[in-house]
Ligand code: SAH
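One chain is shown next in structure tokens, namely the form predicted on its own.
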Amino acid sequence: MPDDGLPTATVVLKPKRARPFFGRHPWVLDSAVLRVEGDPADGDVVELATHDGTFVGRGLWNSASRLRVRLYAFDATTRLDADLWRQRLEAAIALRRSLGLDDRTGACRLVNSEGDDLSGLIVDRYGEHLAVQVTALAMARRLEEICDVLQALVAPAGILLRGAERGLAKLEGLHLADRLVRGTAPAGPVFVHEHGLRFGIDLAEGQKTGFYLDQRDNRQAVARFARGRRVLDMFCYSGGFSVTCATTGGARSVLAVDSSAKATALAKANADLNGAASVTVEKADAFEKLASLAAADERFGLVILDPPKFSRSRATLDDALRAYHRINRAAVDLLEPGGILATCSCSGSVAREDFLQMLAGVAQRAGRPLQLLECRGAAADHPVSVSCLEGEYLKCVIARVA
């Protein structure tokens, strides 16, 4: 593959399809492509042009993906070479430093894909280790040089590669196994500090890259409503919300539920690590547990819902909204009058408006008004480009239920 960062081919857009890319949107779908002039290999640099030959931008090609071109530059002088990747990585790391997130005892997202003009690349730092997730074939082809730059800029003890989600990997033609890329792997859990608490994180097998860093500030926000309340934390994963509500928040008790044995073991360990004796952890299916609690006429002052993705594309949006309605309706039925619902969605295809309309339907069907107290998103180390609002995936709504 050429390493000079110059285009090997030109991708020509259909008429009237260039406007989003003049607005710096980075994703060129196959449906927008009129023809390809040249024969680029997957991962090659290509030029994007309008049907009448006007330059639009430069990106990386993938014939195996519906997302044919990912754009990284919008002027004809920029090379997509090692110098550009270094500049982008330096800028991303400088942002986190300015946010006060460069404490090596903590954790943060160093690179957030499109939010840092590095589409297809995610880098999270956990203490002295980095977890890298590649979601684009072209970035996978540049993994070694990216890791060289990360090693030079961050000097981690080790860099671990985490594979992309199975569906996304298939769409991109990615075949990346989890492995150690640089340095040494941690001998066991990595322990990090977050707002005065300690959490053990499984970098080898944990969900995402190990921990839900995007919920860092939301854990604190939800905990402010926990004092003196009985709390139910559904889909608790490794106990981030549970432990924060029990300790910082001063909850009377917390029931943490997850269907994964590994997750509940982590949650129990994190509760013990922070002396959160009021946390009880239970392995159970979420929908079954919600039904059994309702059947037993249990009531809670705060219910937290942070489920996995219910939708991975707009094609499954209706099914996802029905699933969100079902769990939120069940949660509302478990809340005492004046209770607090903290409900989240990490499905990027579910827009904030869709999510709020779903909650309006829940309120109507339950016959209980919901008052929105806070509508939140991901923490600041997960920046979103205004040119690619699809990156704003996380919704966290805190509401009072009458």
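Each residue number is its position in the shown sequence, starting from 1. Everything numeric here is computed off the predicted structure, so don't read it as measured data.
We do not show the form predicted in complex with the ligand, though everything after this point is about it.
The ligand in the model of the complex is not approached by residue 332, whose heavy atoms all lie more than 4.5 angstroms from it.
In the model of the complex, at least one heavy atom of residue 215 sits within 4.5 Å of the ligand. When the ligand is considered in the model of the complex, residue 308 lines it closely, a heavy atom lying within 4.5 Å. Although the partner is absent from this view, residue 237 contacts the ligand in the model of the complex, with a non-hydrogen atom inside 4.5 angstroms. Looking at 257-265, 182-190, 95-103, 220-228, the stretch with residues near the ligand in the model of the complex, meaning non-hydrogen atoms within 4.5 angstroms, turns out to be 257-265. Note on the partner interface in the model of the complex: the residue among 285, 318, 90, 298 having a heavy atom within 4.5 angstroms of the ligand is 285.
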